[in-house]
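Just one chain follows, in the form predicted alone, and it is written as structure tokens.
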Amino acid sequence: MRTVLKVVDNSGAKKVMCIQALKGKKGARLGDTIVASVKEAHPNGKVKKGKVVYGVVVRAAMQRGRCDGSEVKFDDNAVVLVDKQGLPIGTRVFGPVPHELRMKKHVKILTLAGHIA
């Protein structure tokens, strides 16, 4: 694990480090939930540095095949912070978000996103 991911919502965190992927041993893919530690944060945000949070991977540099034969991959690894129930902590999501999150039951993140890839 120990992957540093960019936070793409307005929850107050800038970067988080992955502690554990909650599904499987191999690591997290698009749409997977992770446990992470906040490494950088804005001074007056909702989450503070050092806090252990949950997050959903919304962008991954590793390519993922789609059912129509195309593949999707992004330039960076990014995450949206969520609570234990899976609801986003922030109120906005920046950048593109893949539509595969709909199958993983993260529809609330898709409604907050500005651009769906």
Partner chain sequence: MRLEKCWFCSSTVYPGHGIQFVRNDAKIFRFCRSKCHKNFKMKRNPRKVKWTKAYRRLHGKDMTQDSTFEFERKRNRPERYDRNLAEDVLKAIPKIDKIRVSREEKHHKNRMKGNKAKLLKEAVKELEQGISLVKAPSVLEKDPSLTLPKIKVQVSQQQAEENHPMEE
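Numbering follows the first chain given and starts at 1. None of the values given here were measured: they were computed from a predicted structure. The term rigid core refers to the maximal set of C-alpha atoms that superpose within 1.5 Å between the two forms.
Below: the form predicted together with the partner chain, not depicted.
Annotated contact segment (heavy atom within 4.5 Å of the partner chain in the model of the complex): 71-79, selected among 48-56, 71-79, 33-41, 85-93. Contact annotation for residue 4: none of its heavy atoms lies within 4.5 Å of the partner chain in the model of the complex. Superposition of the core reveals a Cα shift of 2 Å or more for residue 70 between this form and the one not shown.
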